[in-house]
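Let's start with one chain on its own, the form predicted on its own, as structure tokens.
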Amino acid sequence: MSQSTISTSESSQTGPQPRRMHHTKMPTLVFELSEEVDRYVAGQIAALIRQKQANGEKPVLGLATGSTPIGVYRELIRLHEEEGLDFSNVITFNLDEYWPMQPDSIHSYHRFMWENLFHHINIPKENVNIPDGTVKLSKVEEWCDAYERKIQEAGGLDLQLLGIGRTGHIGFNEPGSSRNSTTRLVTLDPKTRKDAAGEFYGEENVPMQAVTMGVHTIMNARQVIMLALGEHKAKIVRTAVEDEVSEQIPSTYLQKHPNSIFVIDAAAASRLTAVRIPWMAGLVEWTPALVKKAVIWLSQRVKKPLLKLEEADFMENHLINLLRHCDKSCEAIVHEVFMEMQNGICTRPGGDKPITAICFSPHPDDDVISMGGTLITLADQGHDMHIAYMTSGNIAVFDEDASRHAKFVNQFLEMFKLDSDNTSKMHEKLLNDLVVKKPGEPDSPEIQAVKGLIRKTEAAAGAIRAGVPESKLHFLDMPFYQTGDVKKKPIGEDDVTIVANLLRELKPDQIYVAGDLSDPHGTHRVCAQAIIRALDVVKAEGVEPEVWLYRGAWEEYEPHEIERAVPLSPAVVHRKRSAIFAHESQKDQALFPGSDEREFWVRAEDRTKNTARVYDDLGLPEFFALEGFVQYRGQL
């Protein structure tokens, strides 16, 4: 191991220590929280910088972009500002850049790096190297060769930081990339462009090509740290570290790197064999939660209802140690799991006495999509149900919808002779703003306001259909969201204060929080963090509601995770569908559908009906549909 290489087996850092995973083909470290990943990786980079400087050498870093490394960069900035981490002789080379792309574009990785790191540290501008998205096509190959030479002249990369794409790409080395590839112009995979569509306000605005370091360039780095955060990366993480090396999954090449590690959070680790079915990977520490998970897994594996499982099923499916640990009969173990599932079925989620409850909805439609049936049930059973819409959701409205609404208002005013010079001028400005806006650019403040109003009126219509009157709706318009861009600011004290004030005002008995926390930097997680921080603030004032996490827009809770299942009748499902339909701007085709192209109402119904089928297959009572919830106990 060279002097410039950091040991991956030990760390002098204080704080939470990672869990080293077994049964992976490259060293894989798992932290519970994404913030712990950020601190660990930033600490590794800082240690490398200080070690190289102590030896009188210049540290050479390969850097990545995207949402995954943002937390690492924020921690490096903190280390610079608070602990004096010196970047004055650090040399950096970035992985990639869209092509063609102007460096000052909001989508440029050049701009991303300066806004998220370089402007905040003391790195000389001449030490920063980022692929050029403006180079002419006829000069691209020549430029790429020069970029490779510059890396070599700097002494090679001491450390390369990587994220991982849904296709398994590293940098923009898409499926099919050769192990011997170097810096070059590549064509982006359709999945990669789809994943980037949100930042570009539509897939059609995403460039089709990019300049990227090659696999060979990355593999020549003396150390490689690959990051993955969130459940949406769990599938490709498992593939990258457990499957065989394949050019169809370029990240698997790193299995052959002599000094590479994969650092991930618990959500990204959820599909690893040692996490998903740890009893298949060796001895485990049996907790009540793991017993429940194993018994349900066994029931699904052998296709038997819970109460029909036999001792032979346990012995033939690697669960003999579970029987030994529990020191109970097979029947007793299964019966306990069955009763826990049965007791979690809740037809009166608010209880028998009237309570005050708040559903916190990150976007204006998360409430009805993810827990619309429970909203209807709570309202119908006489509880004081409130909905707090935390953001405007204005970036998710198509331009044509904004134009149509603007024209409607203008013609309405003309029809009733309420128009004026001011209204006519505003109408012209709105339409002109939409015409002159370049593809992928943010809206003008006026268009943002119009789009926000569209989402607000849709939210009110949907809530009313769910039985929640307009007087019980709270539009918080939290400051972190008000950037006009897909990228949002971190949560601030103003955001926390807004939520805390609502909690003080209503003093709820229950609150419901979106638990779709796939992206650690996404709106759902940021909103959840604001709520949890606000709860800490008001706890001293005696406001301590029961907190339930809901899902459904993107993923559903696994059966072993569900602690409360609320049954939905066909009539309630129909009303939930009607409430979702009120969100006309999101109907038929959403601006940001994610990897699931089904309409939101279809996703919601399919998932709740599937949960009901799962319960039925486990031998529990049969229902038309079920919405699942998990109780919050101090950790997201």
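In this text the structure is predicted, and so the values were computed from the model without any measurement. The first residue of the sequence shown is number 1, and the count goes up from there.
FYI, the form predicted in complex with a small molecule isn't displayed, but the following is about it.
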{"query": "Residue (of P567, G43, P27, G66) lying close to the small molecule in the predicted bound form, criterion heavy atoms within 4.5 Å", "finding": "G66"}
{"query": "Sole residue of V186, A240, I164, L157 within 4.5 Å of the small molecule in the predicted bound form, by heavy atom", "finding": "I164"}
{"query": "is_contact(K233, the small molecule) in the predicted bound form, heavy atom dist at most 4.5 Å", "finding": "yes"}
{"query": "Interface membership of R455, the small molecule in the predicted bound form, 4.5 Å heavy atom rule", "finding": "no"}
{"query": "Any non-hydrogen atom of H386 within 4.5 angstroms of the small molecule in the predicted bound form", "finding": "no"}
{"query": "4.5 Å heavy atom contact, H169 and the small molecule in the predicted bound form", "finding": "yes"}
{"query": "Stretch in contact in the predicted bound form with the small molecule, which is absent here, among 44-52, 575-583, 66-74, 603-611 (heavy atoms within 4.5 Å)", "finding": "66-74"}
